[in-house]
Ligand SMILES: Cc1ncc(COP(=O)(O)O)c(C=O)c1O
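Form predicted on its own, single chain, as structure tokens, below.
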């Protein structure tokens, strides 16, 4: 008779594109007693969550909630609620997740015009302007703020202005950026914005915040056909978040506990303080990589602080470095996707993973990994450059 399987997950230092490390108080929240999905205590928590979500989105939108499901569920909710079959849409693709947004728009039955940029470069506003003029009568523009496949941070306000000038909604993916990089939904003019709980918020996968502006809700209420997805229908989901709530589906009670704690941690630090700390840590890490002879794929002015794409130096087997980091130090970083496969490492500083001691360990471990492959690196240069920049 075989021995029973015993699952005992290892402790990892998660420095990839997500999920991020989960703080102890968030893990503890998951273990609190499960209540019913219409229990008064849970209904009260949902209302507290709405306030905290408005804080992290930097919005006053009434229609702010969380979708049960991973970030892609929120992406589908954004698209399926905004677009009806036959609507025209423009989507900006400069990486893997922009292309996923394109695919979902096409599955929603929209006539999609793609504005494509090279992986590693942001979308140019002039290209969006030309696409809007050519397509005509566009219902929505979709774009990724923080593209985890490339490490690009996209400027949003100018794209939003163009969308609104053409009477189109702006849909923004902030899965890899919200809570770690400056984002202001109201001030920047973003109409539908979504994220995931497991990245910069440092909760756990399975619950995905989303917010709809008044413009977006007016468009949704004026639809000629119902949302193609009953489960992701914004109007139906919002009735569950209303006071009093109406049953829609069984909410992820314990995941809501975790999301609440993750958002409280951000609120206690202060959103502006948090994004400034992440930016400072990322800039110091970049200095550390450069001191070791490495370069970043994305120019600094468009670089995403929460996810860095580091170019693999000549003579280095990138997969062996990742394996060394995991086996010897329990550090997770991730390789490139698509055309960047084998060419870059993706290093994340999301949520609770963004800690100086993690970066110091990473830089020291990468130095050892390089030397194990016979590539010489100035001893301690990466750690010294990082520490100096952090102290400055």
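Fair warning: this is a prediction, and the values are worked out from it, not measured in the lab. Positions refer to the first chain, counted from 1.
If you look for the form predicted together with this ligand, you will not find it shown, but the lines that follow are about it.
* Asked: When you measure heavy atoms, are 76, 227 and 232 every one within 4.5 angstroms of this ligand in the predicted bound form?
  -> Result no, not one residue of the spot touches this ligand.
* Of 203, 192, 141, 144, which residue is found within 4.5 angstroms of this ligand in the predicted bound form when only non-hydrogen atoms are counted? -> Selected option: 144.
* Single option in 123, 237, 198, 308 placed near this ligand in the predicted bound form, where near means a heavy atom within 4.5 Å -> By the 4.5 Å criterion, the partner-contacting residue is 198.
* Indicate whether residue 251 is a 4.5 Å heavy atom neighbour of this ligand in the predicted bound form. => No, no contact at 4.5 Å.
* residue 119 within 4.5 Å of this ligand in the predicted bound form, heavy atoms -> Residue 119: no contact with this ligand in the predicted bound form.
* Asked: At the 4.5 Å heavy atom threshold, is residue 175 in contact with this ligand in the predicted bound form?
  -> Taking the distances in the predicted bound form, the answer for residue 175 is yes, it comes within 4.5 Å of this ligand.
* To do: Spell out, yes or no, whether the shortest heavy atom distance between residue 70 and this ligand in the predicted bound form is within 4.5 Å.
  => Contact check for residue 70: yes, within 4.5 Å of this ligand in the predicted bound form.
* Which of 183 to 191, 92 to 100, 123 to 131, 157 to 165 sits within 4.5 Å of this ligand in the predicted bound form, heavy atom basis -> Stretch with heavy atoms near the partner: 92 to 100.
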